[in-house]
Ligand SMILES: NC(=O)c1ccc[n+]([C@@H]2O[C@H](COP(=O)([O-])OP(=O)(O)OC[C@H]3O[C@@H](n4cnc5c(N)ncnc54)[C@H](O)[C@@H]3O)[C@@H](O)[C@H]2O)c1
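Form predicted alone, single chain, as structure tokens, below.
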């Protein structure tokens, strides 16, 4: 009998993170649903538990190192094991080059970049304590492969995650830990709605304009559903990707070709 594997997903209260948590539960993982919004975290966990899965909801702000470590420790204590962390939480404010402030740079990097570092560190600590390897999966973006207009700080943070993923893969391979990233394109989530609102407003256009402009670049001609991204993450979290590390998989409908 295989022991249930344990995964933790940050930013799992809504959007891509929620879809990842639900998909991993379907794949047989016990899932810690982590979000800074306790209400949405509890809602996702309840949905998983009602469907017959195993989930707990934990509140953590990923920019706070201690909170990330506490969430991983709580997860390990709950199920007696820890196998996969998905550092998914992120924010994407529109940042026109002339208007970038120190505050917005700090906020985006504290969550999108430092949050991933703390997740990696907390996972490594847990894997070492448990005496086995594991999988670390980070959220980058197609904007981490190609700079996106009006998203300078977000794009920079996602490029940084891609670099961090490569270095961590090299540094942690000896511990039996793989480190990969996934790079979504335009996904129908509350976060994208907000980007569309800001980009459309900046262009003096009605809501939906930004989405239409960005969508022109999608080869498959449709926006992504969160489940499309979750399927890619499920592959990275499962045994089929055991021989892959240091990669940043584009799951963007063909916006960026490498």
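The term rigid core refers to the most C-alpha atoms you can superpose between the two forms while keeping them within 1.5 Å. Numbering follows the first chain given and starts at 1. These numbers were taken from a predicted model, which means no experiment stands behind them.
Beyond the structure shown, there is the form predicted in complex with this ligand, which is absent from this document and is the topic of what follows.
> Tell me which stretch of 22 to 30, 214 to 222, 48 to 56, 35 to 43 has a heavy atom within 4.5 angstroms of this ligand in the predicted bound form.
Among the candidates, contact is made by 35 to 43.
> Can you work out whether residue 232 and this ligand are in contact in the predicted bound form, taking contact to mean some heavy atom pair no more than 4.5 Å apart?
No, residue 232 stays farther than 4.5 Å from this ligand in the predicted bound form.
> I'd like to check something about residue 191: if you look in the predicted bound form, is any of its heavy atoms closer than or equal to 4.5 Å to a heavy atom of this ligand?
Close contact exists here: in the predicted bound form, residue 191 approaches this ligand to within 4.5 Å, heavy atoms only.
> Consider residue 134 of the chain shown here, and say whether it contacts this ligand in the predicted bound form, taking contact as heavy atoms within 4.5 Å.
Flag for residue 134 set to no.
> Going by a heavy atom distance of 4.5 Å, is residue 89 a contact of this ligand in the predicted bound form?
It does: once this ligand is placed as it appears in the predicted bound form, residue 89 has a heavy atom within 4.5 Å of it.
> Heavy atom within 4.5 Å of this ligand in the predicted bound form: which of 130, 111, 104, 117?
None of the other options qualify; the answer is 111.
> Taking this ligand as it sits in the predicted bound form, which residues of 61 to 87 have a non-hydrogen atom within 4.5 Å of it? Please list them.
Those in contact are 61, 62, 63.
> For residue 214, decide whether the Cα shift between this form and the one not shown is 2 Å or greater, given a superposition on the rigid core.
For residue 214, whose C-alpha is compared between this form and the one not shown after core superposition, the shift is 2 Å or more.
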